[in-house]
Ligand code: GLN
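The chain below stands alone and is given in structure tokens; this is the form predicted on its own.
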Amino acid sequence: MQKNTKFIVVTGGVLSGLGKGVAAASIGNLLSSSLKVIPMKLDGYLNTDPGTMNPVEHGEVFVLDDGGEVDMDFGHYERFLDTACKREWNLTMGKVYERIREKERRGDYLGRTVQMIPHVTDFVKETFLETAKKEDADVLLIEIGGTVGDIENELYIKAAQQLKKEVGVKNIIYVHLTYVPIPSGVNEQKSKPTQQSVDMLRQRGIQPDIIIGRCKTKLDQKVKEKIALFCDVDERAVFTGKDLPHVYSLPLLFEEQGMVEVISQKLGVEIKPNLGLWKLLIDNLDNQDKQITVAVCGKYTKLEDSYASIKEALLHCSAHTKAKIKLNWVDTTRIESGAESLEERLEGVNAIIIPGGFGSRGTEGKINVVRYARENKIPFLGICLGLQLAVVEYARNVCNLAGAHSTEMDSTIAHPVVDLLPEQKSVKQKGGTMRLGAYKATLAQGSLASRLYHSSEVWERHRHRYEVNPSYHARLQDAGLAFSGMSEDGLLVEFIELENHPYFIATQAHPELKSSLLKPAPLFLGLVNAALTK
């Protein structure tokens, strides 16, 4: 390695969903002002990436600039560390086994029996060390997905345990996130799950240096002492991961409890957090003086994590406007079926978002929502599929193209105003074959898009196969639909907007993926400001 890189390994115990990613990102936030922190996430599933998983089961697929489809925890890393992550920083067991098989077929293991240990664990360790060297990292922050005891992450934990021998005890620390419950009727914090979880981690050869207890309330001194005693950690290294109104307060909570000093001492590095602006924006979130309601109209609303980055982007806007943003989750399949009235569900709404998605279910409901927003002058933002359906609605109801639709929903339609890219028509595989990653768009001079971005060009991330059909560009534009952003070659529609409307804009991209607390996504901030003005 080019420098004496430090390693921080974050594991979780007791149960899943405790917020390991947020905890890891918060630690990284405290370090990133003075050190170059590179995050890695290790997932146990056999998929190559989460791109083919159902978002209702797994949550949002996060797309990176380089086109990598990765776990949604990378959203936390980017927002907390102010960095652009890379696909190589996400290991899945699907990727690991694929690389091992490639190496075996190539003859790299000639004469040897390829086994889980040492060959898989060695490959994982090599990936750690190579990433640290390639990125010239001061700190490699490694989050191991899942819970200690899961069969899926056993090899990752073994590799992390062996890493200490490679880098030396002074260059690595282990952080373990656990759950401290308060059973109903007992009204007392219980440390036993933490003790058992740490014991399971020790059986795998890892002694945690820091323990974070996730709990509804601050950990009692008595409980901290008990955890320190039974888990053999310094009492100063037992921290509360308290439930908070929003995750952006967690770095402040860790700093307040002395985590910077503990990490600095254990790794022998100087850490100087710079949280001035961060604290100011958190104060804005805690002291809001107005309120708006934003309707998010999609079909994955049963799991709000399906739209995690949209929620985060709106929270970033809230921090910059001091406006409390109430979310109204509208299931468009119920609008489509007539189970719910569109007018009643959108009553009192100040702004509307149609997010991305795939498939035909709920699309007619979304198209009706677009028309409602357009005709009733409600600030509107369409994202990816939201742009495509805004074009469909405009083609049907303004251009009078009866039955206009996307060929994704119906391949036999008379007016395919949204169609597959020519290069996508021959694609047979699903995973990683879409238009993925950051692409440049040229913005029309004087357009709403150019005013929002304060630029004539912008790079936003994409994740889609279908585009506005070039055969219909002229007809749509002649009818008043402004193409305010085009691809660099001028062939693909990237942004559309309407004049004589308080705020009506849509993009083929996913601007929510690059939004952060310090720099809210311009299209979202514009939507919120338009809703406040209206």
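Note that residue numbering follows the sequence shown and begins at 1. Owing to the predicted nature of the structure, the values given are computational and were not obtained by experimental measurement.
The next section is about a form of this same protein that is not shown, the form predicted in complex with this ligand.
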Let me know the one among 158, 464, 164, 415 whose heavy atoms come within 4.5 Å of this ligand in the model of the complex, would you? 464
Listed residue (336, 408, 78, 135) with a non-hydrogen atom within 4.5 angstroms of this ligand in the model of the complex: 408
Based on heavy atom distances of 4.5 Å or less, which listed stretch (287 to 295, 343 to 351, 378 to 386, 247 to 255) is in contact with this ligand in the model of the complex? 378 to 386
Report yes if any heavy atom of residue 365 sits within 4.5 Å of a heavy atom of this ligand in the model of the complex; otherwise report no. no
Is the gap between residue 510 and this ligand in the model of the complex 4.5 Å or less for some heavy atom pair? yes
So in the model of the complex, does residue 213 come within 4.5 Å of this ligand, heavy atom to heavy atom? no
Looking in the model of the complex, any heavy atom of residue 357 within 4.5 Å of this ligand? yes
Could you pull out the residues of 169 to 187 that have any heavy atom within 4.5 Å of this ligand in the model of the complex? none
